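Two forms of a single protein chain come next, each set out by itself as structure tokens; they are called structure 1 and structure 2.
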Structure 1
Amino acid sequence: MPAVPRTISKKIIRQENEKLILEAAEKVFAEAGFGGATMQLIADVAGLPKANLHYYFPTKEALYRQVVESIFHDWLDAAAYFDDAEGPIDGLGAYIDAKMEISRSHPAGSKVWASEIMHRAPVIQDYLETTLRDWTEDRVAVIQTWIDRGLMDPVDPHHLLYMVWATTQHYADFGHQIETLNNGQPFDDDQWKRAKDTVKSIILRGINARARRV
């Protein structure tokens, strides 16, 4: 009389298969681009027949859109560290750390995002014009208060953000180039720490970040 029979699958089938497909899709879209990716290859990576993909996601575009949206939300979440900070050393430092961690643990997502932007954002242009724009202006305002409070030099906040995005995402998007220049070896823990520290150090020094008004 097992009250809960060990049936592995219940109503979670949909949830599990969608996750399986989305993970495979992210990998394939990152490696081949939208145009180069095929539903057949995504199906093979997911270990499912192709027709099954179309049962869960009506079109290739719909699947791609969901992948990009998922990345976008992960990416926005990394800003939590930004807001509660007392100044640029804590705030920017933690934000850079968080973005470097994403580049390390989630490089495929970063590549899909980069690819989408490079192709003029055919799928998520509306997000750029609403969510991303609002998000950016909020953080620009935070940086401006740091400047006004004398906690950093008066640097254009937009370009500062672009530099943080560019530098941190570079370790994901151009990971293959970096790996090649690292004798074909991926970074080990020490090298990732060194990368993080160097990036933080140059940027924080570069804006003359300080704990108290001088």
Structure 2
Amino acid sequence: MPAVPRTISKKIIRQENEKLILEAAEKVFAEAGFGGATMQLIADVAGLPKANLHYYFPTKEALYRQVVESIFHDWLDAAAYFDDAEGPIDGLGAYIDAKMEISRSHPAGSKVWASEIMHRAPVIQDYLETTLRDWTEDRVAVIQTWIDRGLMDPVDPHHLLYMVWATTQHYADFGHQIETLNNGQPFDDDQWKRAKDTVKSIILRGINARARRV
């Protein structure tokens, strides 16, 4: 078997280390907040020397921003369903599914984002004023197009998005509460499916989403 080129091997190692660091940082920032987290604690959770963290992320703020941006870009990818959808049933329905799945697979990242916002975004305010604002207005324009085409009731697109965000991210940010009410157990696959179907049904019925007219 041919040897793996050294440059490729280094790249793989770097990717694996960055993944370990980001996963550990998500957990630590979610539990301790930005102020309570330390690079040493994150290194311990990642199982890497502290020097490795500083090699990839020179400061705690740089690592924190990467964690926050990673969860946001996951949400950006979920919103791509809007672009090619024929209407809210397909577009908004798939977006809700994707957001719920992110809450299931990356609950710590969502909690980091929520904590940052509740503290008035001391680290990522610039990000909110640029990337988030532009992204939101793009989605608002799509929803307004659906309204104009008669595919849903004329609701305020901003408030519709806020409702989707609040509902889907609740399953991450308040996961402990949900588990407590579920007899101390996390949702299994069937329960997640029922949750997603229920959320979609309530929201899509609430806006009177309709299929594209032929």
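Note that the rigid core is defined as the largest set of C-alphas that superpose within 1.5 Å between two forms. Quick caveat: nothing in here was measured; it's all calculated off a predicted structure. For numbering, take structure 1's sequence and count from 1.
Form assignment for the chain places structure 2 as the one matching the criterion, namely the form predicted on its own.
For L204, the Cα coordinates differ by under 2 angstroms between the two structures after the core has been superposed. The rigid-core alignment places the CA of F57 2 Å or more apart between the two structures. Hinge motion between the two structures is captured by two rigid parts, the smaller swinging by 15° against the larger on C-alpha superposition. Once the two forms are overlaid on the core, L22 shows a Cα shift of 2.4 Å between the two structures.
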